[in-house]
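Below you'll find only one chain, the form predicted alone, shown as structure tokens.
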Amino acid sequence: MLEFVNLYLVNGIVLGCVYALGAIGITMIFGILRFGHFAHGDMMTAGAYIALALVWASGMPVLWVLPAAMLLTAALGAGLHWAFYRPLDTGTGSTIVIVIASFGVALMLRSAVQLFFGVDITTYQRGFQTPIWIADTIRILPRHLWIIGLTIALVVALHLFLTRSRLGKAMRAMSDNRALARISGIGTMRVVLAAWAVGGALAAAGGVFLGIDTQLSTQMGWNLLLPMFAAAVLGGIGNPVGAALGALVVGVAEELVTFPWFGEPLLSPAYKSAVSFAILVALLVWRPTGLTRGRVF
């Protein structure tokens, strides 16, 4: 039982936290702009490497420079929309061109990271951490506590922003009905840029948390794209809190299928990403609205 909790359940929750921060951005962009942003994983990579540059420049620990990295990646997200996606938005409701363009943006972001930082795997810091024992049963690393705690704080802060602030309410209104929001006098461009900024900031946090937990690679964000989309669909499109819950389900499920339930793992760890694909396909077939009954476009 201790092996199950310490080696699988805790790791699944940590992985789910990383997925959550990316899935929230995906579901917000999909809910407001009505297209799947396939460059979101590489935006996570860009945010993680922006934090690495700040660590190199300042010499401070990565968590200290995380707010600055989130602000810079938020500006990057807004800039991507202004430079690439806005000119392609014809207002006709057809988004296939923008979806294809997002693949091109993903390649551009990845290539830019490789150009400035190289293709070698790196880390924020070297060395081992001593695990912390909770109630003499749960063993958890300090970095995992930081990842879980900060993810909860960010999700709660986002929920309060969407439900209490004027801009957050405008974002929810535009997600429900873009045309009606425009008629009501809501500045749609301001809302769109805010969605990109929030998505970019959370993507940076997710990329940094993944880098803290494992290592930095220029492919790290791209490899997370399918699980994050699965989490967004599982939670219900347009529901950020639902996306976070869906991400926890996906993250824990990926780890639990590698547990030796009957003496042997159900799946080899090399194939656990297939769980995300299976969840995504099953939901699209049997419950496209997700667990929280999100919208279907």
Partner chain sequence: MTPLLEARGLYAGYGGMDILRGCTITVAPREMVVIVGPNGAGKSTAMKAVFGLVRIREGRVIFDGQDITNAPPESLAPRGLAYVPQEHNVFATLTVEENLEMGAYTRRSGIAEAKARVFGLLPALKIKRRQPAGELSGGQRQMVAIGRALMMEPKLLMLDEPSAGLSPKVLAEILEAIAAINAAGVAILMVEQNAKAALAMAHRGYVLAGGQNRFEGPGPELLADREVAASFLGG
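Residue numbers count along the first chain shown, from 1. Worth saying up front: this structure is predicted, and the values here are computed from it rather than measured.
One more form of this protein, predicted together with its partner chain, exists but is not displayed; see below.
- A heavy atom within 4.5 Å of its partner chain in the predicted complex is found for exactly one of 129, 215, 223, 184: 184.
- Between the options 86, 139, 169, 143, the residue in contact with its partner chain in the predicted complex by a heavy atom within 4.5 angstroms is 169.
- Note that among 73 to 81, 205 to 213, 143 to 151, 171 to 179, the stretch whose heavy atoms approach its partner chain to within 4.5 Å in the predicted complex is 171 to 179.
- Residue contact check for residue 191: one or more of its heavy atoms lie within 4.5 Å of its partner chain in the predicted complex.
- Interface membership of residue 123, defined by any non-hydrogen atom within 4.5 Å of its partner chain in the predicted complex, is ruled out.
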